[in-house]
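Just the one chain here, laid out as structure tokens, in the form predicted alone.
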């Protein structure tokens, strides 16, 4: 791919990687997460409906997937635009937008946001988890799926000429389904053809990232151009984390700002705090993995926006980086995590 080799591809076209700046590698700017609605506890059903208000905001923060309107991020384009301008003012340069087929990817909105804010936006190709796969997707062969992913990068996605610049987030469940397995194989094949970056959403089990890397490798993927997302909620044991780090993919801590008592999707998991995330990143840096760490917020619901009392897209730059410095992570290592590593990952080979 001579036309993309050495470049990063944004929704406004290819750019020199040096122009990306500080980069959040896993965010959403417009999506519909209704597929993951989680019924509230008995007796709390009325809380699922109605607007987001101060009087129910704490409940929503603790039960974000049980409030129907909270899952409709695509309704907040104006608020997202304001947030992107704040992100840019804080020193941010690029957002990797991980919304794929099945959760309301909106290429036109992403292009409009990029044009109006000056923030580089890189869109994701491919498919989310099995529960969002259409019957047509379920019936496709690996070759057909590969063709779709390749076209979304070379020709444009969703009937537009706006092109994706990464493959993912590729949604995987635990246990992995047959349809998800085929999508993973197609992801690997697309990457081998294009030299593109890929990013994976693992199932909620500590063995899932290991399984997915193995499948990708067997299908011909380049692990050094692969991101494993959501490690903060997936591998909580330090020994197991370091064992996974040896496999050579990027290690993404992308739930900064998410702190609650009860993780609705996996109650056995204690969601770490931002201080816990910084501690784990410090461990990885001390063990020599500073060239493989990435960070983001994975904003995907309304309550995470500043409009609704949330932290927004600038939280890492404004609040987390100063705390990382206090915790002994030097500025040059922070620059690797937020600047150099994303640039290297996003550059087509």
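Numbering follows the first chain given and starts at 1. Since the structure is predicted, the reported quantities are computational estimates derived from the model, not experimental observations.
Keep in mind that the form predicted together with a small molecule is not shown, yet the notes after this line are about it.
With the small molecule left out of view, the stretch that reaches within 4.5 Å of it through heavy atoms in the predicted bound form is, among 25-33, 312-320, 42-50, 281-289, 25-33.
Proximity of 103, 169 and 230 to the small molecule in the predicted bound form is complete: all three residues have a non-hydrogen atom within 4.5 angstroms.
Only one of 225, 201, 133, 163 comes within 4.5 Å of the small molecule in the predicted bound form through a heavy atom, and that residue is 201. Residue contact check for residue 210: none of its heavy atoms lie within 4.5 Å of the small molecule in the predicted bound form. Contact between residue 300 and the small molecule in the predicted bound form is found at the 4.5 Å heavy atom cutoff. Residue contact check for residue 263: one or more of its heavy atoms lie within 4.5 Å of the small molecule in the predicted bound form. The small molecule in the predicted bound form comes within 4.5 Å of no heavy atom belonging to residue 84.
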